[in-house]
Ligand SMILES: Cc1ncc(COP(=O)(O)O)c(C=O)c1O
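As a starting point, one isolated chain is supplied in C-alpha cells, in the form predicted on its own.
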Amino acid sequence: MSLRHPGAKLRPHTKAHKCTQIANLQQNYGHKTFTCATPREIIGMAAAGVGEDLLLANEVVDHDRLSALAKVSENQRVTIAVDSEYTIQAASHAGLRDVLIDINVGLKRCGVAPELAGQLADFARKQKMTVRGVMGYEGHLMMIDSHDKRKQRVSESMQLLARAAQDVGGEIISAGGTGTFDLHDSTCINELQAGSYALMDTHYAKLNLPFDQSCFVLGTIISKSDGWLVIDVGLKSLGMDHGNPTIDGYDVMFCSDEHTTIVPNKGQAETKVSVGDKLRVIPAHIDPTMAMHEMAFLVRGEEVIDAWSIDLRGW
C-alpha cells in the first residue's frame, strides 16, 4: 500500500487495527497522517506520539469527548468531520478549529448533500474555523464484484466529491478504502483512507486484493465427536456481520457464543487432530474482531516474538 500511496497520499485508518504499535509501523513506512473513527483512537494515538495530523472521520456531538479532542489539538493537529451546522457549533464550542466537510457520495450514512457543502463551509468559517477541505466514503461500492464496474461507480461517486470540493475549498480531498485502493488514479482525491489492508479478512479477500491475511484468532479444539469438532472461538470473539469465519481445511457448521462447530471440507478425510490442538480462525471482518481482544501476539511460524496491546479499543 505504501508503494501505491506513499507518504501523505495515504491516511491509514486506525479503526481496522486499533493498535498504536501497528500505527507506528505505518508511520515508519512514511505515513504521518492518520484517520481515526472514535475520540478514543485520537486520544490514544496522541498519547503514544504516533502521527502528526489526526483526522476524526466521524461526527461527534458529545461536549466532553469534543473537549478532550480540543485538549489534544493543543499539541497535535486534530481535524474533525462535520456535516451540519449542529456538528460545527458543537466542535467550535468545545474549542476545535480544524474541520473537513463530510460529503454524502452515495453511502446512506453521514455526510451533507454535495450541493449544500459550500454553504456549510461558509458557516464553519463564520465560526472562525479552518475548513481544510472535504471527505467522502464510497463504502457502498467496496464489494462490487466486477473490477471494471467498481471502478466506474467509484468514478461517478468521486465526481460528487469533486464538485463539492470546488464549492468548499481547502487543500484536502479525502476518500477511499482498501476495496478501492487501486481505483483512484484518475479521481479527484489526494489522500486515501484505508485500514483493512494491514491485516485483511475473508470479506476483502473475495476481491483478490494484493494483501495477505495476517491476523488470526487462535482457537483450541475442546471437543471431538463423530464427524465434527468444536473450537473455543465463537460469536464473542469474532466480527460476524460479514458472515462466518474461515478455517483452512474445514467447513463451518455454525457459531455459538463461545464455540464454533466445524467439519472437514467435503471430500476430505477426517483430519488427525485431537482435543487440545490449535487451529487458526480467519475472521470475516477484521475491524470489530480486533476491537474484541486486548492483545495481539506476533508470531513467526509457531514462535511468539512479541505481544502488542490493542490499546485503542473501547470508548
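The first residue of the sequence shown is number 1, and the count goes up from there. The structure displayed is predicted, hence computed values, not measured ones.
The same protein has a further form, the form predicted in complex with this ligand, not shown here; the description that follows concerns it.
Here the marked residues K15, R109 and G176 all reach this ligand in the model of the complex, each with a heavy atom within 4.5 angstroms.
In the model of the complex, this ligand sits within 4.5 Å of a heavy atom belonging to M135. Although the partner is absent here, L69 sits far enough away that none of its heavy atoms falls within 4.5 Å of this ligand in the model of the complex. Among residues of the shown chain, F216 is not one whose heavy atoms approach this ligand to within 4.5 Å in the model of the complex. Remark: Q193 counts among the residues lining this ligand in the model of the complex, judged by a heavy atom distance of 4.5 Å or less. From the list 222-230, 153-161, 195-203, 119-127, the contact stretch for this ligand in the model of the complex under a 4.5 Å heavy atom rule is 195-203.
Though this ligand is absent from this view, in the model of the complex it lies within 4.5 Å of a heavy atom of just one residue from I172, A94, M142, V131, which is M142. Here is the short version: of C255, I247, A46, A57, the single residue with a heavy atom within 4.5 Å of this ligand in the model of the complex is A57.
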